[in-house]
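Consider the single chain below, provided in structure tokens and representing the form predicted on its own.
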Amino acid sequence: MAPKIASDKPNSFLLLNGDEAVARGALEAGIKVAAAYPGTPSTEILEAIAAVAKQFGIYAEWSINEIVAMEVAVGASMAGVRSIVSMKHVGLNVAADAAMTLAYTGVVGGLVIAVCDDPAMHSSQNEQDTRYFAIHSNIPLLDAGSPQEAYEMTRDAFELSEILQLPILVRLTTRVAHGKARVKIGKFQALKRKAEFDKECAKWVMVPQNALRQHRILKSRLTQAEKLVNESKFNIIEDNNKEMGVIGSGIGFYHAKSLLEQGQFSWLKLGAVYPFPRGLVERFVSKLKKVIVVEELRPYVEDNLHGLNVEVLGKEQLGLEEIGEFTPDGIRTAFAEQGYLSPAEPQTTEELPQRPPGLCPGCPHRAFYYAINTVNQFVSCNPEKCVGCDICELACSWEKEKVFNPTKSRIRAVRLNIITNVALTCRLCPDAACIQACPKDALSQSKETRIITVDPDKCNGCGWCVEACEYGSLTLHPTKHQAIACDTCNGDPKCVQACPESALTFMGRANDKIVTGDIGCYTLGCLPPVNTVQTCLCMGGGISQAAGMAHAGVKDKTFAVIGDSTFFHGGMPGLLNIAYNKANVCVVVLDNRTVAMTGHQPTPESGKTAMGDDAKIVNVEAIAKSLGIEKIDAIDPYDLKKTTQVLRETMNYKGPSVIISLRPCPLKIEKGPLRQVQQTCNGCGLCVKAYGCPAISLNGNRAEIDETLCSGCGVCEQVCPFNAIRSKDAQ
């Protein structure tokens, strides 16, 4: 079935969301090129265009980032054809360098920059109001408050762009982009244009002499634009001959109009908002004594009303915040407090279960985070379970000395009070105080595992190390009179297996290294229980943040995690930078070969284009080599043993390095064999408390696996220290 936006039935209605409406408007305007980088809530604009691109003779691409997408669309416009570039608000920051100069050069073929703001940050790291970017960049802006407006504004923006010879910003917010409505459509334009480039460099090359001239031209174009916005059909006055009026921009206007008695106010809907239609607004408020302004995010319209002879009820007076998105309930409350509405009747509400965000079941990123957390593991005791039975001491002394003698144990059970016990053993501290305290240099620590080793030829049993340990976990051998410490039984501590109360666990730690993050679903690695990711600033920023920390002299090894799409987007310059400047940073590319967070759009590694054609597969490892990285390891994150081994090696590597953690997103592949919990499960809870797969929960004293959620990845089977989780197929 043909996509609905391709419908050739003028004056009919389509049920479209705002993004699809933008795509329809662009199709009707006769675009020839469309480019974007995926990002919620703007992704569906290019998806909708790409789905019909071949049918309409359009070239559509997922560019590697927003500035590249902008430049592609600009190139098409310079050649005289119409083009569109779309992105979310933070993507506009990436494209800003091109956009700022683009206003100077101007355009030839109509160019629309569709930008979706995300009030309340449903899937963003900050809130921005693109109306202010329009001021900053001198690019006219249309502000859509509904899918119908998004369609009409996009279609007409191409005409406006060619009249002004400027790009036009079409702004949507999340509720407009993703909200669906009936949209009355028009007909497709049959533009017969041949792409030709005017090689007049004085117009396109912004050396200072040319830029100064073009800046004056830009100012004259904005003056022309101001005249046009004062007459724009998107600025609509409904004059009810009242003393009080309402001015709104975006979806806030429609919220207000749905709540207030329309006949009691005069109304002004502002759609063409930059340049600000001052003449129109002055004419509207000249009949009013008071005006209410309703607009999401920053008070752009309100600020432009200062100096006019009218009382303004803006955000402060209405008690509406600049933070978050507007809801009808919130606006109703604000109007009710001012006496313009009766308060809403109290409604009974039902408490919904909490659904905190988290990595999906089977997510390979979770497996990698678990592995990096377990690079250094130690035996931990839960005092709520420990009964002080001392069996751990007996198990340890037998394993190490072949005797059942608690005084020769590397773990000690201690009674804290009449009902509370705890078992103490070496915590494998970084920069261990016991080593620093030893006057004979008899103690040393493995760089890979942080296990403390005692040299019997040097240790004289002075006990200073015992006194220095803040955990009280070192002790002296009763007959050899030398220090003894837990060595974790080479990663398989017998005390943990022997504990009848499951009070002991072999825990990893997330705070013995620095892990900088980036933008993507893997950012959720900052949440419990993995708690691995410690920073998130911007696309590609994690690598350079890690470099800054390393050059500043932090003592911990720094890792920078980044997805493959983000690596292509903004990570490659950071990787080149650490190679060139020799930063002691390991960049981990969490490679699932798709843009998973925004709906599995292809990346340069996927071998497919936005239009479904085969493409060259770009290899991360080859790029890393070409940028000068000498240590590169590729691992399967589902193989915890191998992954941990590589990470331990990398902990001691000095210099730039790369780990490629390669596994497809579990949402794109078939499930593996489901896992089941065996009767031998003792409820230690490691699979829940340290690994945290959403498919696993603790039911009383046993773990349970929800088969509807289980992806069959099998990582939990490796996590369980008691072999209590197995493949269902192996039963």
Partner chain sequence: MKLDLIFTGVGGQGVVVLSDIFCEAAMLDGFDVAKAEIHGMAQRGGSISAHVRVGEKVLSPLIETGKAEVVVGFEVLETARAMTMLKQKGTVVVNTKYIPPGGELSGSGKAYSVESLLELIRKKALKVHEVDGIALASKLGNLLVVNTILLGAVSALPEVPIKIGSFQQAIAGRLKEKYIQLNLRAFQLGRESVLSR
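Since the structure is predicted, the reported quantities are computational estimates derived from the model, not experimental observations. Numbering follows the first chain given and starts at 1. Between two forms, the rigid core is defined as the largest C-alpha subset superposing within 1.5 Å.
From this point on, the text means the form predicted in complex with the partner chain, which you will not see here.
- Task: Quick one: from 103, 443, 98, 360, grab the residue that has a heavy atom within 4.5 Å of the partner chain in the predicted complex.
- Result: Only one listed residue qualifies here, and that residue is 360.
- Between the options 596, 272, 589, 111, which residue brings a heavy atom to within 4.5 Å of the partner chain in the predicted complex? By the 4.5 Å heavy-atom cutoff, the listed residue in contact is 596.
- Task: Determine whether any heavy atom of residue 458 comes within 4.5 Å of a heavy atom of the partner chain in the predicted complex, and answer yes or no.
- Result: So residue 458 does not count as contacting the partner chain.
- Query: Do residue 418 and the partner chain come within 4.5 Å of each other in the predicted complex, heavy atoms counted?
  - Reply: Answer no; every heavy atom of residue 418 is more than 4.5 Å from the partner chain in the predicted complex.
- Task: Report whether the minimum heavy atom distance between residue 702 and the partner chain in the predicted complex is within 4.5 Å.
- Result: Flag for residue 702 set to no.
- is_contact(residue 284, the partner chain) in the predicted complex, heavy atom dist at most 4.5 Å: Residue 284 lies outside the contact set for the partner chain.
- Report yes if all three of 175, 181 and 356 come within 4.5 Å of the partner chain in the predicted complex by some heavy atom, otherwise no. Heavy-atom distance to the partner chain in the predicted complex: all three under 4.5 Å.
- Counting only heavy atoms and a 4.5 Å cutoff, which of 378-386, 298-306, 255-263, 71-79 contacts the partner chain in the predicted complex? That would be stretch 255-263.
- Taking the partner chain as it sits in the predicted complex, which residues of 310-346 have a non-hydrogen atom within 4.5 Å of it? Please list them. 326, 327, 328, 329, 332, in sequence order.
- Message: Could you check, with the core superposed, whether the Cα atom of residue 553 shifts 2 Å or more between the shown form and the other one?
- Response: Comparing the forms between the shown form and the other one, which are aligned on their rigid core, residue 553 does not shift its C-alpha by 2 Å or more.
- Has the Cα of residue 190 moved 2 Å or more between the shown form and the other one, judged after a core fit? Comparing forms between the shown form and the other one, the residue 190 CA shifts below 2 Å.
- Message: I want to check residue 344: does it shift between the shown form and the other one by 2 Å or more at the Cα, with the core superposed?
- Response: Passes the 2 Å threshold, so yes.
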